[in-house]
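Shown next are two forms of a single protein chain, provided one at a time as structure tokens under the names structure 1 and structure 2.
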Structure 1
């Protein structure tokens, strides 16, 4: 029986469609658990899907490169999905114009706070200069963060992990925190989540409302641009070298 199971597994593992199917299945399972829990933050479907996938890869001894052969199809869709964020933003364009100044100020403060707090906390905990440089762009979307980290002397692979952790923690904690602060405007919620938790947070913002998702999508793009400009300046100001 074990031999039959092993033979079947070897056959399935050789197909890229296996891990594509597994990725979709674990996300759907996470979404089901999230809905069954009544929308509790701890049951965030993205966090659950990541946890289940990591466990499966470890249990089966599957290298990430093998997994990515199937998952690359989903990875390809990230581009069109990001562009599609412009649609809800266009639908709420009048609201964007009304909040232009608060958006600009919020982005400046949020981006600078994310950079300084990451560097400061890591420095207090005894992080190496390279670790500090890897942490600096943690609040922007993964491709941009990895590019920034590489340019300033950080470790892109470490930055990628930190970006994902930031997004998951932000998606889990941000809605409850914003509600605790009695922030009721979905546009403001969206900007805060997008600045702090990039794409993973934006997925959570869309669960709040279309307006929150639209403003979170706007914050992702603007924060990526602003962070790319601010990080090198702050690194130079603090005299950080790898």
Structure 2
């Protein structure tokens, strides 16, 4: 019996099938739990899925590189999903045009705030330069943030983690914060969530309304552009080196 189990495990551990399937299963379980909790923000499906997967990898002694061989097929879809954001943008273009000036001003201020506040707070609390550089692009979507981190001397894989934590924090806290500030316009909610918390925030914004989701998606794209331009400038300005 032990031998059969061992043989099966050796086969599965070497194949991408196992961890691809486990990632999907764990995500579905996270979503089920989220829905069972009545959509409570704290039961964020991404956070649940990541926590469970980390526990499974540690329990089975599986290295991240082995895990990623399977999970890369999901990771790859981030690219086409970013392109797909053109669709909600097209559907809500009239509203975007009406709000053109507020969107431009909001994005510029929001993008700069995200970068400066992350670097500033971490610096005050004694973060090392490499951590500061990895934090700088944390509010843009994963592939973009990793590219920026690499260019300025941060750690791309650490940046990916910080980006996702940022997204989860935004998804959990932003809707309540916006209600507290009495923001009623779904377009403004969407932009604010998208600038601060990229795709994970956008997934949450789509639950507020299709309009909020569309604006959040718009903010991801434009913030990616802005952050890619701003971060290298700000890093130079602050004389940050790894």
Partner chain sequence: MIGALAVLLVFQLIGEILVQASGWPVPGPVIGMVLLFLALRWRGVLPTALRATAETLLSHLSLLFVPAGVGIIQHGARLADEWLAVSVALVVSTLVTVAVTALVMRAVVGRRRGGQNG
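Residue numbers count along the first chain shown, from 1. Quantities reported herein were computed from a predicted structural model and do not represent experimental measurements. If you superpose the two forms and keep the largest set of C-alpha atoms that fall within 1.5 Å, you have the rigid core.
- Comparing the two isolated chains, structure 1 is the one taken from the form predicted on its own; structure 2 is not.
- In the core-superposed comparison between structure 1 and structure 2, the C-alpha atom of residue 106 has shifted by less than 2 angstroms.
- After superposing the rigid core, the Cα of residue 117 is displaced by less than 2 Å between structure 1 and structure 2.
- For residue 128, the Cα shift between structure 1 and structure 2 is 2.5 Å when the rigid core is held fixed in the overlay.
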